[in-house]
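Next up is one chain by itself, shown in structure tokens, the form predicted alone.
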């Protein structure tokens, strides 16, 4: 099958080509993101493969379908960037990679917690400049602190296991309770109780209309003064402007994010020689108690291998007319 692969970097191509060896699909790599302006590049491709920042809205899908595309293979877990209703109407099948890096993301979240708490990123820069002062680097013991985990799927559960290893108490919120988390000693509570009692809050829920700006000014007001907020899930779970106000007032003591609600114009690109026009993002970078990484939590060898293998397994299942466990069904 001919497959148009969008948003590809050198590292993507390396793993995708290796995983494609057994199936021998005809891959054509496009570095640009997929959107209504670039969709014409996929004319004549039965399958289009996309990543998290590709914009698969109704106009894009209509162009793809008119060009013969019948399969959309997401090499990511989230699908909030796809107009599912339009895809169903046009007869475009959608498959995804549901859980490619749960350990990587959870470990990255733990790394953000440790770095923010002990100011490791600031200490690194100081030592390189010959500054060995400890002023401003005071942290706190994680032992017996309370970590609130919102979303207890695979990633949230793994983070709970990691933080339990530090001796933390675990509070959790999810529509569905995970028995393994409760077996760890974690306690499920409603959001107001979690906000009020957690010292650290880490977000691991999907982005849906119900979770959009879950962390807003009302939620922040319910939290402990000096709260640490971690987000390695989706940027729009956080109202960035509300968080900036929380940082300015001191209500938020630490913020660690690997995602940002307007990241599609920034992340995965080298903009070091340009003037970044996003004033809200630039304001975030001015706070000494904010640590931002560029959507790299998933970025491990194991994850890229899993993404590539699962993507081509999904494509092969659909090509052969077999049921695919990773197909997104639209009802």
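Quantities reported herein were computed from a predicted structural model and do not represent experimental measurements. Positions refer to the first chain, counted from 1.
Unshown form predicted together with ligand NAD; subsequent notes refer to it.
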Run the site superposition, bring ligand NAD over from its position in the predicted bound form, and let me know if the shown form is open or blocked under the 3-atom, 2.4 Å backbone or C-beta criterion.
-> open
Looking at the partner-bound form in the predicted bound form, is residue 205 within 4.5 Å of ligand NAD by any heavy atom?
-> yes
Should residue 226 be counted as a contact of ligand NAD in the predicted bound form, where contact means heavy atoms within 4.5 Å?
-> no
Considering only heavy atoms, tell me if residue 267 and ligand NAD come within 4.5 Å of each other in the predicted bound form.
-> no
If you check in the predicted bound form, is residue 63 within 4.5 Å of ligand NAD, heavy atoms only?
-> no
So which of 291-299, 64-72, 275-283, 30-38 is the stretch with heavy atoms within 4.5 Å of ligand NAD in the predicted bound form?
-> 291-299
In the predicted bound form, do 151, 176 and 233 all reach within 4.5 Å of ligand NAD through at least one heavy atom apiece?
-> yes
Considering ligand NAD in the predicted bound form, which of 95, 255, 155, 109 comes within 4.5 Å of it through any heavy atom?
-> 155
In the predicted bound form, the residue from 105, 163, 200, 215 that sits within 4.5 Å of ligand NAD by heavy atoms = 105
